[in-house]
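Form predicted on its own, single chain, as structure tokens, below.
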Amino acid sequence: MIDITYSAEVAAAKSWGKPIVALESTIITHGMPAPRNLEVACAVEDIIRAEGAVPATIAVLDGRLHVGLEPAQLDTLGHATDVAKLSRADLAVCLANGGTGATTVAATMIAARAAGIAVFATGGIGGVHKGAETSFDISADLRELAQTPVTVVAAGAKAILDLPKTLEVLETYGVPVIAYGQDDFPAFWSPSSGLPAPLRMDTPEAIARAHLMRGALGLPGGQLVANPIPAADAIPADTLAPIIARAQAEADAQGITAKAVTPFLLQRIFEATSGQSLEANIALVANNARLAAGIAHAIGNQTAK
């Protein structure tokens, strides 16, 4: 097994059996501008602490896998430039080469499993990009959900994606897609995509039971818990649809592809909504952190019985 460096807080939580929630680090290095990136990262960690769990922000620093970052490390990462964006394909290379990188959903799931952490809170997962029938642009997050036993709490998949195809791929991979407290699959900035969710659960305890049952059955993979953004913070889907379409058309016209597509689209949407998309993103991440803490508590309580 890989040697993991734990923050003092996470090491103590593991020793005492306290619930832990994993957090990705690309939201710090690639997802938000400074200084909001650090403000949000610290606020999300504090939300998890307020819910009685321990946050574990995950990153690779100088070739070491860190599960939980000390305040100084978090600050350094928040001001760093040219940080690698790590997924399944490049995580091992970054570690082997002594590099520094921020973890995406897939890489965070891998690290969480290695650290024995069952629950991970993020904003939205990657998925099938529009036009994937010709570009084959499909996020590694989907296959990771099919093979790594971590429950991921997100506000659905990012709304810039082809959501029907994303759900189809998740179904093919046998990933449970659980809408929290509603029947519709949420669409990141909007509570509903207009698509029915395959499954619904209404309490953290029910989600925890399903997580543990998958382990008892020997099923590979995790669960996607699709937690809708609070209505007060949402942007209506019909407002976003033409903005996303214009941004996608611009990306196509400029030949922007592969890993460059998502940041380009998100920036264009930020500009077109006068920053409202960023504020909604921050609100949904905080909402997901609260639910993830509740699920982590419930898994711990049910495991102790």
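Don't overthink the numbering: it's just position in the shown sequence, from 1. Please read all numbers here as calculations on a predicted model, not as lab measurements.
Omitted here: the form predicted in complex with a small molecule. The next part is about that form.
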Query raised in the report: Does any heavy atom of T151 come within 4.5 Å of a heavy atom of the small molecule in the model of the complex?
Result: no
Report task. State yes or no: in the model of the complex, is some non-hydrogen atom of A280 no more than 4.5 angstroms from a non-hydrogen atom of the small molecule? Result -> no
Report task. Give a yes or no for H211: in the model of the complex, does one of its heavy atoms lie within 4.5 Å of a heavy atom belonging to the small molecule? Result -> no
Query raised in the report: So in the model of the complex, does any heavy atom of R143 sit within 4.5 Å of the small molecule?
Result: no
Query raised in the report: With the small molecule left out of view, which of Q223, S139, S190, T100 would have a heavy atom within 4.5 Å of it in the model of the complex?
Result: S139
Query raised in the report: Which pick from P228, P204, P176, G126 sits with a heavy atom within 4.5 Å of the small molecule in the model of the complex?
Result: G126
Report task. Considering the small molecule in the model of the complex, find the one stretch among 259-267, 235-243, 38-46, 53-61 with heavy atoms no farther than 4.5 Å from it. Result -> 259-267
Query raised in the report: Every residue in G31, K85 and T104 with a non-hydrogen atom within 4.5 Å of the small molecule in the model of the complex?
Result: yes
